[in-house]
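Quick heads-up: the structure tokens below are two forms of one chain, split into structure 1 and structure 2.
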Structure 1
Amino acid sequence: MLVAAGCTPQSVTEEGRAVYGLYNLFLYIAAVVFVVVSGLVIWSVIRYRRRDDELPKQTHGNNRLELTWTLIPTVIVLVLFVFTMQAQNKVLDQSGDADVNITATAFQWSWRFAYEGTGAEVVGSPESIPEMVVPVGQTIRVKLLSADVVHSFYVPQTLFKRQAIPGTENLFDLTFEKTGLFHGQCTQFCGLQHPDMVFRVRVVSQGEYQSWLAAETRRGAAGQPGT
């Protein structure tokens, strides 16, 4: 269990750090509860094991103990609720202006990434994995759409997933803190070629991003159909 718990990736985005911290808080509290409860169970088994045929002393209720083991879980739940709301507000915050606006359209069975106001567009296919190129350290606002059925936008190393629902616009921000190439995929079964719905997020320096964007804009790929 401890090895499995250590498999959670550290997030590469500012928003994901809040999720990662919340996950660790839940893990630490759960570990303490596990140790306390397991210790009490083991102590009770040893301390009150059967030694003879006499019935041990019977206790009919203890208001202090009952109040204690009611209040402790209540306080734990309230604390976790508060920290969960804080992390959620951090992940969903869109109060500031975005540096890059991308419309990500999921379709059977690939992705289209359109860079608003530039004419640059990346269209994938099951044979050609699309890459969403973004600059490091800048706020990326993604407008997630679906052209047909329900899909899911998931990049494991961001610790973030969002559904792409037909007729619904889902907005979210991602601020990548390190450069690199990160795998993404659809995690909602959407048809026979669902396993082919993969993509990549390439995070580059701001200079590299501007050069890439200029090249894609000159290529004039905007307007290509997604299906």
Structure 2
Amino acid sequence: MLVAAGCTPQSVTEEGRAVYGLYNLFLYIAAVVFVVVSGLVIWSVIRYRRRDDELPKQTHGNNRLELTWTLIPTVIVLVLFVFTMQAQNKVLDQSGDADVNITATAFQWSWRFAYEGTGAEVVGSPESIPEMVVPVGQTIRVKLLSADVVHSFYVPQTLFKRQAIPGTENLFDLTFEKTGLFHGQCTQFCGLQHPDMVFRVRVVSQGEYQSWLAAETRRGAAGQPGT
């Protein structure tokens, strides 16, 4: 079970760290439950194999025992629920202003990333993978839209995803803590070329971001969106 459930990838965002911790908490409790229950099953099968024709004592139940194993799971799930709510508040917290506002539009079958307040825009296609460039350590607020069907914005290492639903604006914050190039992909099945709906997130230093943005803005003004 420990191996089966495994661990999530280390998160690269501030929000993702809360999820990572929560997942591990669930994992430990789950491992204990699994070991205890399957241990009991295996033990009773070995210990109480049929040896003779004598009928075992015909017990019909035990109210106190049954109450115990009703209450224990109830307590466990309530505890898990409390931790869930704490982590959820961290993940979904949108108080405070964002440093970078990006409008991400999903379409069949790629992505468009528009940088609000600048003319910068990145448009991809199934053949050319778009790259969302963001600065490290700053709050990025993504406004997620869909141009046609339901898609889903997912970067595995942020431990977060959100559906892009036509007619709906979905807002969420990401604060990257590490620079690097991260894989992202649409996870909501969206038609023929769904597996090709890939993008990358390039997290760079503040200075690099500014110079990239300036170059993109010039290109955008010249009417040739980069890829």
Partner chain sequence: MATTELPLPALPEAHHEEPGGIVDYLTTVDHKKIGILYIFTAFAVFLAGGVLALVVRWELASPGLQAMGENTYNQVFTMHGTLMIFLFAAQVTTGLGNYLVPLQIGAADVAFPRANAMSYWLYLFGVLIVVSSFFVAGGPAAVAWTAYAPLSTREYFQGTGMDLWIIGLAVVGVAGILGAVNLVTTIFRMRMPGMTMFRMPLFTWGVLVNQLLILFAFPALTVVFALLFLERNFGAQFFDPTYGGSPILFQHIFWFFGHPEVYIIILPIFGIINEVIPVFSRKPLFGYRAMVFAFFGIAALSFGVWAHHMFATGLVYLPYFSIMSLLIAVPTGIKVFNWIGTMWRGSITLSTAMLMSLGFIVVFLIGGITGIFLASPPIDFAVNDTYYVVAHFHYIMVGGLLYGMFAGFYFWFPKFTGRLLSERLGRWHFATFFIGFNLTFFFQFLVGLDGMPRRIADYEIERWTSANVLSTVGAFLTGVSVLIFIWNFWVSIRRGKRAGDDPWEGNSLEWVTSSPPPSHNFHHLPEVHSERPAFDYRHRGDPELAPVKTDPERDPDRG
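Model, not experiment: these values are computed from the prediction. Numbering for residues begins at 1 and runs along the sequence of structure 1. For the two forms, the rigid core is made up of the largest set of C-alpha atoms that agree within 1.5 Å on superposition.
Peer 1: Which structure would you label as the form predicted together with its partner chain, 1 or 2?
Peer 2: Form predicted together with its partner chain: structure 2.
Peer 1: Among F189, P156, Q86, S205, which is located at the hinge of the rigid-part motion between structure 1 and structure 2?
Peer 2: For the motion described, the hinge option is Q86.
Peer 1: Mind giving me the turn angle of the little rigid part against the big one between structure 1 and structure 2, whole degrees please?
Peer 2: Comparing the two forms, the minor rigid body swings through 11 degrees.
Peer 1: If the rigid core is lined up, how many Å does the C-alpha atom of T68 shift between structure 1 and structure 2?
Peer 2: Its alpha carbon moves by 3.9 Å.
Peer 1: Quick one: CA shift at D53 between structure 1 and structure 2, core fit, Å?
Peer 2: It moves 7.1 Å at the C-alpha.
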